[in-house]
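As a starting point, one isolated chain is supplied in structure tokens, in the form predicted alone.
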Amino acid sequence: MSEAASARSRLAADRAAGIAPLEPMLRAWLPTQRWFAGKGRAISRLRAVSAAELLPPGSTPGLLHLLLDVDGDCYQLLLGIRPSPLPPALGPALIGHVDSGPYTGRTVYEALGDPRLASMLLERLRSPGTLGPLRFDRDPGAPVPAGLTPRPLSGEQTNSSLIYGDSYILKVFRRVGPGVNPDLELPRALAAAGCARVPAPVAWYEADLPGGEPLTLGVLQPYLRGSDDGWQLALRRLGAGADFTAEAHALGRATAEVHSALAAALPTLALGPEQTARLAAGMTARLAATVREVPALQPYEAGLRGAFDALAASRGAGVPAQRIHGDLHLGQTLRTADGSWSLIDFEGEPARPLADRRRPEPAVRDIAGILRSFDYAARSHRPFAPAWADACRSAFCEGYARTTGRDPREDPVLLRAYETDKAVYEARYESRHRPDWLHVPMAAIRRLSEPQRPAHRMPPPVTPGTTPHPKPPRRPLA
């Protein structure tokens, strides 16, 4: 065995010895986390891919960075290590107590809940360099001040975020894979292209592991203080019986600006007939799998499949494809304090493989996501307000066309296929996680499964500010 190979073997043995005592508590703790994808099943395999002490040995508290292989998925953990007992404020972050190994007698906890350790992580990002397998980098033209007070951002599902001094937000990716995460790659490309619709990354960190591409672990961006979450803003307007078409129109223009900038900054292509047929076949396969899991879809399967068959049959010429957001809905938008719109969270659907999320796709996928989101908002209150949703959908498309010169509704076959695919995804998600909300995508499923009418004219333009007002909601459905 070579000297280098022997050193790697000793390192692996040392790492396993240090992490092995933590394994039982991590097996119990991981399935309780909102960002863990393996809920509902026992963990079969758990091993350390990398381990790095981010503070000198013996520091109190200590900060241990782990990449864990959990049944084939790689997860990032940041663990605090203190003598027992924990301060009361850190009680909710408790993972367990260590009885053997190098951390004997210490308590292990979720580090992002500890302000001291969260502040230390920011300091690492402020000072580019490497530490073991970790590499910290930043935009040299965007210095980050020291001493910003951290606080966790609540309510996330697939990642964890920290806000520093109401000036910056750090997204810590939990489930990671080889390759640049789109939430770093695309905002950087947009910033280089001069597009101000997306906050530009100011710092980030990655892991360099032997034999593979770097793994993006976290991204620090400006925090748009005082912004309104697009989903919550829409619900407030809907609840007050207020118009939202002006905002929808402006959001359409912002989305088109981002798409145009991405198309100019990154490679594009045209999907030929064979590629379009494969695209439609993938939609059909997802439908079949979802019907098996959600029996309520069975009566509508043939009608839904018709949308995908029509897409496969419609293409003699290519479908334009480019880099897109990939998981766009109202909750991924912010209306800033000056009244303009920004798009955030370019990670794409986290359940999809990273390589898939980085492939060019038709921009209409993002458009379908926003159109479905208007329907979700309208159906989240009683009584259902179809006129509100329809007016918002029209205003968004008109705003999009104002920038690109082409209304998405001019390609009804492609738009219907993507709306249908999105509604099928929603049905599976709600069935798994929020059964009380299944009625929302099911309403769209029924509509989209109906035979497509012959080609017809688009609805007349909606003048922002003239939407028929829905009645104020009586109570939320969920």
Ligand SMILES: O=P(O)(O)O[C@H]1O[C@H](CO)[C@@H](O[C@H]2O[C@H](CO)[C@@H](O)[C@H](O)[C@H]2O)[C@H](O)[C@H]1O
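Predicted model, so just to flag it, every value in this text is computed and none were measured. We number the residues from 1 along the sequence you see.
The form predicted in complex with this ligand is left out here; the points below concern that form.
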This ligand contact at His249 in the predicted bound form, heavy atom, 4.5 Å: no
Arg45: touches this ligand in the predicted bound form, heavy atom cutoff 4.5 angstroms: no
Close approach of Gln275 to this ligand in the predicted bound form, 4.5 Å, heavy atom: no
Heavy atom of Lys422 within 4.5 Å of this ligand in the predicted bound form: yes
The single option of Asp327, Glu398, Glu257, Glu110 touching this ligand in the predicted bound form, heavy atom within 4.5 Å: Asp327
In the predicted bound form, the one of Gln76, Gln332, Thr284, Gln322 near this ligand [non-hydrogen atom within 4.5 angstroms]: Gln332
Stretch from 387-395, 201-209, 300-308, 369-377 whose residues place a heavy atom within 4.5 Å of this ligand in the predicted bound form: 369-377
Sequence-ordered residues of 413-438 touching this ligand in the predicted bound form, heavy atom within 4.5 Å: Lys422, Tyr425, Glu426, Tyr429, Glu430, Arg434, Trp437
